[in-house]
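Below you will find one chain, with nothing else, as structure tokens; this is the form predicted alone, and questions on how it binds or moves follow later.
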């Protein structure tokens, strides 16, 4: 076996959304990095929906950006429709979403990677992991060449023993038209890691010129666009419309008549699919009384005619797909450009990971993305940047970075993965966080940019912009506290419809009133107009939700009391009295690093936590 004549500090396997963030993070932190991909033309490929963000996923993108990652900048540069979701709801659940020009998104990310000085991008299908004395030392590709490195980050997506299903036909593939990676699963199993099987799917791609858009409801994007990245000042790219389509009773009947041709219902597919993104045939069966299912029809780019019908993923045969599409209004003459399909793939149970995303079994081996049982580009990218940071810091003999549940959705996601069993592909929701009001999109930079600066990912330019924003937040807050309105200020009283004032009120007190906004206060206090919309948004939320935020901060303090109680690495759970066999088994399997994390393991009761805490006090003086 020949070895490449250059050793690396970090080797990243897979150039999807996780791999790109991992490789960029380690290289930007000063580590020589190799990014290996099956195909150089599919870097940051959008295999399914050509969009970034959405509920909770948008939060992850903002956090990745705040740390110094690339996803937010990439979608800002290539987005063709931007929309803010839940704008009528509270700030905790407001989220950004954008349609991407799929080819442009991939091309720009590849250019960024190729321009990174310490990062080499190479094509190669990894077949074997090279391990010596319990530590990863490199990888071997199909062509027989070995690459050596101090750490390896696996971001294999759906490629590990990928099996594509179209009707009752199936064939090996990591994505349509690309080979699967057959060797890595065996390597992982041989090393003692537990490997499981999951499934996901994608809808057909439709020809835009064969669709009658006049029969569909137009869905335009926002006129006033708020970018994803804290670095982006303005979106300048041409924007497009999306459309809303619906299935009907005829569509559902066609699907019901052909369920015997679905591998999902014929028992051919073994992997568990995503609970929150079921196929159209699954929806028809599970919700028999529902007359229609909505689909957002989304363009895949400015150039080209492919359209993505969201919510209609399927594994039915192509002829059945064509028949049910043509039963829908506006699609009577539709042409399918690429059929939809389901794909089964291997993943590694993430309970075997440390909070750093390093495997417990093999030192220096990190996992990120769908290999950990997650779904979605944003979840993958979030894990990627964290794995890249920790792989680099291990090479630099520095302490790892662990983000807490109270610090970011990134922390919530990792903690969920390493403490909860994977029953289906993991997807981020705002409801997964106990501290939603603290973990908003708008304050992701306040929470994580200082950390990004510390690890070496936040540039001087980004740091300066962050500091300027913080100065504006402080200055605007001071104005609200010191400026007031009295009964003598008739213009202000009338403009704000205050009625009779018995005493003066500060602008901060006025802003707490639900009927008043900061924009209205600008009319009577022009000084506020000098600050950026981003700074004013944070100020307004801080004032209006002050009581709620204070209560959540108190919850965080109580949470940290148990998080600060560390679980010794050599703890013997068999020695602790009064624990059930089930609890002992779960603790041994997960190996929590803190008492708080132990309490989040499914099946570990509050009573068990109390027993463990008493044991730690007596035995370890914790």
Partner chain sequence: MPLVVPMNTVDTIIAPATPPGEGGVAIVRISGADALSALLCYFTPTTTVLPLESHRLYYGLLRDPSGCVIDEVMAVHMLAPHTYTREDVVEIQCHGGHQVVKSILDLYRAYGLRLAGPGEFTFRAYMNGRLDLSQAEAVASLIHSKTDSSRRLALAQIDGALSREIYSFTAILKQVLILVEAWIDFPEEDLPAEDVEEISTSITQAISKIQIITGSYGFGRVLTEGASILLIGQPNAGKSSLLNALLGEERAIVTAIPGTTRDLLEEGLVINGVPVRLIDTAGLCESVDPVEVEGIRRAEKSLSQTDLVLWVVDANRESTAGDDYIYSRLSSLPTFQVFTKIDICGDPDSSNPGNFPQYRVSSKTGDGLEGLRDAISDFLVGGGGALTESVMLTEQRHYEALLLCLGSLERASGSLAVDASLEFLALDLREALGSLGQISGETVTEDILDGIFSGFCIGK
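Residue numbers count along the first chain shown, from 1. A quick note: this is a predicted structure, and the numbers were derived from the prediction, not measured.
The following text describes the form predicted in complex with its partner chain, which does not appear among the structures shown.
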Query raised in the report: Which residue, 237, 205, 83, 140, has a heavy atom that falls within 4.5 Å of its partner chain in the model of the complex?
Result: 83
Report task. Only one of 294, 189, 169, 486 comes within 4.5 Å of its partner chain in the model of the complex by heavy atoms, so just point that one out. Result -> 294
Report summary line: Here the chain appears without its partner; judged in the model of the complex, the stretch of 522-530, 378-386, 489-497, 93-101 with heavy atoms within 4.5 Å of its partner chain is 93-101
Query raised in the report: Should residue 148 be classed as touching its partner chain in the model of the complex when contacts are defined as heavy atoms within 4.5 Å?
Result: no
Requested in this report: May I ask you to state whether residue 46 is within 4.5 Å of its partner chain in the model of the complex, using heavy atom distances?
Outcome: no
Report task. Answer with yes or no whether residue 588 is in contact with its partner chain in the model of the complex, where contact means some heavy atom within 4.5 Å. Result -> no
Query raised in the report: According to a 4.5 angstroms non-hydrogen atom cut-off, is residue 601 in contact with its partner chain in the model of the complex?
Result: no
Report task. Establish, in the model of the complex, whether 283, 431 and 548 all lie within 4.5 Å of its partner chain, using non-hydrogen atoms for the distance. Result -> yes
Query raised in the report: Who in 549-576 is close to its partner chain in the model of the complex, meaning a heavy atom within 4.5 Å?
Result: 551, 552, 555, 558, 559, 561, 562
